[in-house]
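Encoded as structure tokens, the following chain is the form predicted on its own, with no partner shown.
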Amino acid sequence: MNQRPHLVIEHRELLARATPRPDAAAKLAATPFPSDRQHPQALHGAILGSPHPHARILAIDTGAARALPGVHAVLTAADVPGQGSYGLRHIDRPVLCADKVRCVGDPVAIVAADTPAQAQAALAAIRVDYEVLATVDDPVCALAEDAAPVHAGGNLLHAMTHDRGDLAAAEAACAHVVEAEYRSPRQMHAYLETEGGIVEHDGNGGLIVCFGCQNPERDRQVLAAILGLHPDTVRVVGTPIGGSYGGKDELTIQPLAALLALHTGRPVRLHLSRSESVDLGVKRHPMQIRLRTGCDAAGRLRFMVADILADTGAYATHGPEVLDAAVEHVSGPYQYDAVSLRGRLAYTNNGIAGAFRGFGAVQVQFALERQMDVLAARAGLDPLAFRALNLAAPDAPGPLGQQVLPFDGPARALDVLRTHPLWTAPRSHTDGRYHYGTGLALVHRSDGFGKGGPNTARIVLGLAADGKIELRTGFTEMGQNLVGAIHALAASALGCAEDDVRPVIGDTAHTPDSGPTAASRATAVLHRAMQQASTDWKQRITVAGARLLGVAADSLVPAAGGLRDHHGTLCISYPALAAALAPAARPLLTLVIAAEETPSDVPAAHYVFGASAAIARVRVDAWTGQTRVEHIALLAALGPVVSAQGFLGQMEGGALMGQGMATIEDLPTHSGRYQARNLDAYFIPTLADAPAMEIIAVENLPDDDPVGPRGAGEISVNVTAPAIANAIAAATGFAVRSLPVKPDDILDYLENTP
């Protein structure tokens, strides 16, 4: 299929390359996460959230609460000194609700007290009069003309369409047409550390905000606007996160803790319980996806019509970007004569949906990959062969017709898995009580943000006073092994040892604005930064050493521990060099990383893509309807592997998250209320549920590729969920159109199928 051989790293080699994480010991030995941080003078914050999903606020009486012992502050919207609302593309989320609440848990008042019990007593003493409004709990009903408006502008938050080609002619050429509606669930991040942290005073009139986040600089700017402070007086420390998966990509309770600290003049600690986190935190967007797809008698795809409806809940957060990603990815890495793609995003009172690993693409990729299997069967083709037959050329335009960077990852992924034992073995059989099935999925995944997004980054590289080579970035450590990746990338590009490098991350007092850590972009951006810095850094540090030693600069080489001559003899160590140089003479580089954006004039479209294919083998119990995922082989075509440990972690963790989406995870609402508020009723896969996993990397990139490694943070969840859905269908014959696949639905099908 490809002229150049595949550069494959098998699982065992990835394991052999993996090294312990540099930050593991510190995390195990100390109290690493922001909510662990203690201060002897800290007050305890608490939030009074709305008990109603939709209501008008008529009056708030805080008099009794303010009079209670130990209470230092009781604040409402009237106490916000600056900007009263915040958001990303849409500024629609109130810091504290003033006139209306739009979901259960919407903050109405906040309290700071000496003890948690006193804070809770104060919350109980606050009186709020509500006028309960009609609950909008269905996105279809939300867009009806007579629906109660969640926001004054109506319930259609965002829409996107893309049409190209002659749809009628393309459909006329089809021998097989498949039309179906698919549904994807609301999913919860279930991170280790629920939203929490502490806000302290810096002694100079400023605030230090220590909460897990993905973009400290953006948070600093927004918090300053809310607090009515100059941004220079707000410092945000946002790392490590303690789990994110998208859920801490934007502000949640940081503004509330900061307000309390500002008003009391004391440090304030605020940490959500799991049930509060469920109410107030963001979730994965549930989607309804209707697809109509056709191929000709030879199995060549001709057209696709897609209609996507997403429920964003009470506030926009990342909803518009999620919908844009869904529309961009719904047609997959395949070639069509014509497409008509439509997406709509509706406000409801069903909590809040926002960024989540897979970010709008995984929902539609489940639907698309089910559709591909059904069409392949109609055309009489093997599912893998059908996909390979219909791949767009590596240099073809992107899904929205935009110019993209040439990439042959999808073809390589299929080609490597074509001979995998899981695929060449029989793909379905029944052994008495159990049905076994094997399914395949192929996805491509955009890298970074779309056109017009925050794609640029600033990185600083410098020789510190103690001789460490510091790489300073605003990116945050969220469990993806960013620290390990920085050590590896810097050492490789700068010629030093990994121990010579010190990452400085996620602290606005010490790091530049690198943009969001989201969109699986941190490692890829840092790779480009180190490639950009390599020559300049080596020149600067050898010139500095040569002047000090009185030798020619080209006689020195940056190496492990310091500068060496061409025979490998150490001439001066990095600590000795730093000590001998005046601070202003130490090498320092500020790198500006340009945006990787399509030159096409297509809003929100992406330029760079990675790819992944997966094979899943499942066992379905005909007595209980339960699905056991037994084996997953996952191939990621993302370019060179930077950190084997981080790569394996992202692939295995994301695969298990995809398994949860496919088999057990769902958070339904009833009349705007979540049906679970803890992990005793919302279930996620554990180690006991984990299948045998085989992770394979394909490192090939097209000749002259200027970008290098693609992001590895999300694509494994994207590919695993549809692969498992296809495996369940192969095992049972059940037409999977809704995730998670429920045991009752399988039992009903098996009992009613001859």
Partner chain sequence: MSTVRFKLNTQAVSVSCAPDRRLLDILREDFGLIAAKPGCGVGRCGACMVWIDDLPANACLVMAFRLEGRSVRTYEDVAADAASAPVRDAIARCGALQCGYCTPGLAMTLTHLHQQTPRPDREQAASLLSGNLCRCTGYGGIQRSIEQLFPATPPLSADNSGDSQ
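Nothing here was measured: the structure is a model prediction, and the numbers come from that model. Positions refer to the first chain, counted from 1.
A second form of this protein, the form predicted in complex with the partner chain, is not displayed here; the remarks below concern that form.
*Asks:* Should Thr424 be counted as a contact of the partner chain in the predicted complex, where contact means heavy atoms within 4.5 Å?
*Replies:* Heavy-atom contact with the partner chain at 4.5 Å: absent for Thr424.
*Asks:* Contact with the partner chain in the predicted complex for Gly49, defined as at least one heavy atom pair within 4.5 Å: yes or no?
*Replies:* Flag for Gly49 set to no.
*Asks:* Quick check on Arg56: any heavy atom within 4.5 Å of the partner chain in the predicted complex?
*Replies:* No.
*Asks:* Could you tell me if Arg737 has a non-hydrogen atom within 4.5 Å of the partner chain in the predicted complex?
*Replies:* Arg737 lies outside the contact set for the partner chain.
*Asks:* Name the stretch, out of 379-387, 252-260, 337-345, 474-482, where some heavy atom lies within 4.5 Å of the partner chain in the predicted complex.
*Replies:* Partner-contacting stretch among the options: 474-482.
*Asks:* Just one of Pro320, Pro394, Pro558, Gly243 has a heavy atom within 4.5 angstroms of the partner chain in the predicted complex, so which one?
*Replies:* Among Pro320, Pro394, Pro558, Gly243, a heavy atom within 4.5 Å of the partner chain in the predicted complex occurs only for Gly243.
*Asks:* Using a 4.5 Å heavy atom cut-off, which residue among Pro454, Gly649, Gly206, Pro94 comes into contact with the partner chain in the predicted complex?
*Replies:* Only one option qualifies, and that one is Gly649.
*Asks:* What are the residues of 113-134, in order along the chain, with a heavy atom within 4.5 Å of the partner chain in the predicted complex?
*Replies:* Stretch hits: a single one, Pro116.
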